[in-house]
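There is one chain below, alone, in structure tokens, taken in the form predicted alone.
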Amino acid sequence: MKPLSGCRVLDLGIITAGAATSALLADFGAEVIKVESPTYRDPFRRWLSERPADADPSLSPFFRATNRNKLGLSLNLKHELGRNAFLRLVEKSDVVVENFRRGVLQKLGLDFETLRAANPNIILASISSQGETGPEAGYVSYGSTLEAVGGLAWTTGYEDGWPTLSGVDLNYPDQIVALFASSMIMTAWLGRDERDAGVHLDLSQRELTSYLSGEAFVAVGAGLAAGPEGNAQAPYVLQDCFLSADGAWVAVSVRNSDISRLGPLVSATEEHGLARALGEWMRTHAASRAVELLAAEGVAAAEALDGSAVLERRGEIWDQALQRSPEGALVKGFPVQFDDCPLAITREAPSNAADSEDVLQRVGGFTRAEIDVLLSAGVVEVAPAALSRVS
């Protein structure tokens, strides 16, 4: 049995930080219900325009990756009927995940106290840029600004250069918060029998970014030099990338103790001139052969692989990081795996409103008449097949 079997999650998360958190919860066995609004859907649905011509236009590759294994509900929380319907679902759920801008949940009338009034044991996981409190809690932030203010951009780059960002396709703070948030939620849910009240988890992406760069700040506090060093990092006398004969780049790290080991390969046997000699030697060898020869001498070396090369090496250098969905789409995989109950992607990311009718009836206990009222008010959307049954 998976660790979160029997747990039900209402997922208000969007983009990466919230949606990827709940995707991990779904992987771990929770029933995750992704809640979007008829007037505002997860922007990841249309994040990329490149997709097969016959694909659902609302299921971009990024959306598929962060919303696999979930059910889909379309419900307008700004409408009183939608808010009340959501609270009925809260009564029968264990966790609510959200990464709205601070204050949005309160404006919707769905703050923690309101959720706890509906379900005294509810776990609310609030994922935000700066956390729930502080002078900058309400600031709009993105991965780039969080890397800047969290200090990560300062530690990355070349000496005397400018701060370096990981880029929109990675957004490091969004990625790391999903790992920490899902772990905290799992811990809170597994420990539910040891407490008699709900819990509000406050996760700050900026805090986590600074935490994971903490050694650099400790060095500054101790009066030691710190900051971006590029490839020149102690204790390595040489650490850089070199172009091989077949046009690939090879990363090499050389310690003082490695210089003598390079003797059979490179004529330079001391630090001076080593980079030039190694660069000239590399240009006479294919990347794979160069790595093989350096490794045989005990020198750390590896090809700098592009995306295609990484994919080609499944089962060699990685196994679980990427997976195929039931329809064959390549999506992000798992950070961990269980031998006795393997994680798997068993459900595609939901099309808009794919499971609205099922969720309202099965989880919320809504009757057909009540669903008709919500439909008439434009508060809920249902899948086209379900709509034909209603009419």
Partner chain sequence: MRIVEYTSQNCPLAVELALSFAGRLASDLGAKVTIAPGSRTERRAMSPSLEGVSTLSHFLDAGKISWSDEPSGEGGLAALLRGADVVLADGMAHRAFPDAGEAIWALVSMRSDAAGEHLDSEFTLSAACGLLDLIGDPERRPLRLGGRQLAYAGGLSAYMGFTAALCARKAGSRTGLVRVNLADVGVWLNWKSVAMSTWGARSASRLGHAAEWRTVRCSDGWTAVVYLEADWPILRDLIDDPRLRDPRFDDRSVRRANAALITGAIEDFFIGLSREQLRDLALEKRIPLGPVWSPAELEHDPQYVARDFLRRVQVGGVAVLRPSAPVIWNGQRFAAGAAS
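Positions refer to the first chain, counted from 1. Note that this is a predicted model, so its numbers are computed, not measured. By rigid core we mean the largest C-alpha set that fits within 1.5 Å across both forms.
Another form, the form predicted in complex with the partner chain, is not on view; read the next lines as being about it.
A.B. asks: Would you mind picking the one in L208, L262, L115, L71 that has a heavy atom within 4.5 Å of the partner chain in the predicted complex?
C.D. replies: Selected residue: L208.
A.B. asks: Have a look at N76, T155, S244, S93 for me and say which one sits with a heavy atom within 4.5 Å of the partner chain in the predicted complex.
C.D. replies: Among N76, T155, S244, S93, a heavy atom within 4.5 Å of the partner chain in the predicted complex occurs only for T155.
A.B. asks: Hey, in the predicted complex, does G333 get a heavy atom within 4.5 angstroms of the partner chain?
C.D. replies: Yes, G333 sits close enough to the partner chain in the predicted complex that at least one of its heavy atoms falls within 4.5 Å.
A.B. asks: Contact between G273 and the partner chain in the predicted complex at 4.5 Å, heavy atoms?
C.D. replies: Taking the distances in the predicted complex, the answer for G273 is no, it never comes within 4.5 Å of the partner chain.
A.B. asks: I'd like to know if E316 sits close to the partner chain in the predicted complex, meaning any non-hydrogen atom pair within 4.5 angstroms.
C.D. replies: Flag for E316 set to yes.
A.B. asks: Examine S356 and determine whether its closest non-hydrogen atom to the partner chain in the predicted complex is within 4.5 angstroms.
C.D. replies: Result no; S356 lies far from the partner chain in the predicted complex.
A.B. asks: Taking N119, L360 and V379 as a possible spot, do all three reach the partner chain in the predicted complex with a heavy atom inside 4.5 Å?
C.D. replies: Checking in the predicted complex: none of N119, L360 and V379 is within 4.5 Å of the partner chain.
A.B. asks: Since the partner is left out here, which residues of 297-318 would have a heavy atom within 4.5 Å of the partner chain in the predicted complex?
C.D. replies: A300, A301, A302, E303, A304, L305, D306, G307, S308, V310, L311, E316, I317, W318 sit within 4.5 Å of the partner.
A.B. asks: Is D258 one of the residues whose Cα moves 2 Å or more between the shown form and the other one, with the core superposed?
C.D. replies: It does shift by 2 Å or more.
A.B. asks: Core aligned, does the CA of G279 move at least 2 Å between the shown form and the other one?
C.D. replies: It does, since the G279 C-alpha is displaced 2 Å or more between the shown form and the other one after the core fit.
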